[in-house]
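One chain comes next, on its own, written out as structure tokens in the form predicted on its own.
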Amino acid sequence: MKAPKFSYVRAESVDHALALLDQHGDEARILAGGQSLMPTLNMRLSRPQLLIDINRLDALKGIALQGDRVRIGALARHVEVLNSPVVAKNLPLIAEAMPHVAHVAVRNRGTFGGSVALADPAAEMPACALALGATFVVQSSKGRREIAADSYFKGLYETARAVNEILVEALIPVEKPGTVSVFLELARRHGDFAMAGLACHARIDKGVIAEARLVYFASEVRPTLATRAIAAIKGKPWNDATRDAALAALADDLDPMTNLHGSAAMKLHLQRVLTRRAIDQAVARARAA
């Protein structure tokens, strides 16, 4: 199929893009990497009247260490994040997850900010950002505001970002000494949409799980922090009893979707498998550190 008719404007500045959003409201869409937008246009699932191209806005680009946080600009391509020494050194969870993001062609064009803004439930970057306690900076014509990742993801393709706001950047705390991260996902073929996935970030002291953030994706309508499973393992050694308690608690944390990728029961089973594998790896990495 072909996309429906639409108008196109290349934004000359962030303020120009925001003025266009104010003028056209929900009839406008932001064009960054276009790796999700263009297929929905061609399938006529999206029918905007205006595309606002922000690709040449340097203010939204770049990756840099700023104090104890890493700034990833909304227009940073996935391939730039993948190859960034700043990310590799300070955000190993994202570095580990990035090769799982789609395929090479998509990573060459797709953007970090586009993934976060769309909030696809099967996307890797929203889950990693939530696991690491990121903050998202959004901007409208009235100014900027910060939204904690814990409050950003609302539902299926739904976020706390308003229609007249652009995602500017993500500010992600560097992973501190003594913490470990593990990223795992299951897909029918590497690079395809995940059926189940887990971003794990933890502090483990002599085999005891002092702190943990377990964020599940692909099975849920949004990246989901498993608070009950976390409570079941916090302050405890990772053994058979702790594992069984955590896996049982997931039934209360998760509400998997049944879709073409599998049934709800199958996805809950897969997330439990990933939980066991991820914490096994996290404990092993902590011991090796």
Partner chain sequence: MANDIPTKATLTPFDRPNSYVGRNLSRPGARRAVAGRGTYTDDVVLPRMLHGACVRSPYAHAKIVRIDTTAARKAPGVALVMTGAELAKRCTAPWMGTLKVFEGMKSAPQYPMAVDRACWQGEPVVFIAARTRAEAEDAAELVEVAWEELPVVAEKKTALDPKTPVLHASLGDNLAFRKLIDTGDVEAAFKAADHVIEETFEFGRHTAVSLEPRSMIADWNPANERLAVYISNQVPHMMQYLFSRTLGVPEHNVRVVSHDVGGSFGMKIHSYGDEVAACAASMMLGRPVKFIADRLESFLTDIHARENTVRAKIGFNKDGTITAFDIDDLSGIGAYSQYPRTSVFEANQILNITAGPYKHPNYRARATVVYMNKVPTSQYRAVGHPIGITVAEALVDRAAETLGMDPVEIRRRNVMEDNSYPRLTGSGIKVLDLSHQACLEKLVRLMDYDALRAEQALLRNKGIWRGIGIAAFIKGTAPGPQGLYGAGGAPIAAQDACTIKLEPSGNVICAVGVSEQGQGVDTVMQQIAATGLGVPFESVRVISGDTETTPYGGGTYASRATAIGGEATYQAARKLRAEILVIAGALLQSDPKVLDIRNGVVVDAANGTLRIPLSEIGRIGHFQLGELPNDVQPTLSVTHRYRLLDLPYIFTNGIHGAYVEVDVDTGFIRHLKHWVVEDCGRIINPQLADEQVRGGAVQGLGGALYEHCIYDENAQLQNGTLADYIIPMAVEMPDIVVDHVQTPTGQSELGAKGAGESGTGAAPGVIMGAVNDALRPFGARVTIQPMTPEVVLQALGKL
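Residue numbers count along the first chain shown, from 1. Treat the numbers as computed from the prediction; the structure is a model and nothing was measured.
What comes next is about the form predicted in complex with the partner chain, which does not appear here.
Heavy atoms within 4.5 Å of the partner chain in the model of the complex map, among the stretches 57 to 65, 254 to 262, 231 to 239, 217 to 225, onto 254 to 262 alone.
For the residues 195, 123, 138, 204, the 4.5 Å heavy atom test against the partner chain in the model of the complex is passed only by 195.
The listed set 95, 117, 186, 212 contains one residue whose heavy atoms approach the partner chain in the model of the complex to within 4.5 Å, identified as 186. When contacts are judged by a 4.5 Å heavy atom cut-off, residue 287 does not count as touching the partner chain in the model of the complex. The partner chain is not shown here, but in the model of the complex it comes within 4.5 Å of a heavy atom of residue 273.
Residue contact check for residue 269: one or more of its heavy atoms lie within 4.5 Å of the partner chain in the model of the complex.
For residue 277, a non-hydrogen atom is located within 4.5 Å of the partner chain in the model of the complex, even though that partner is not displayed. Along 15 to 51, a non-hydrogen atom within 4.5 Å of the partner chain in the model of the complex is carried by 43, 44, 47, in order along the sequence.
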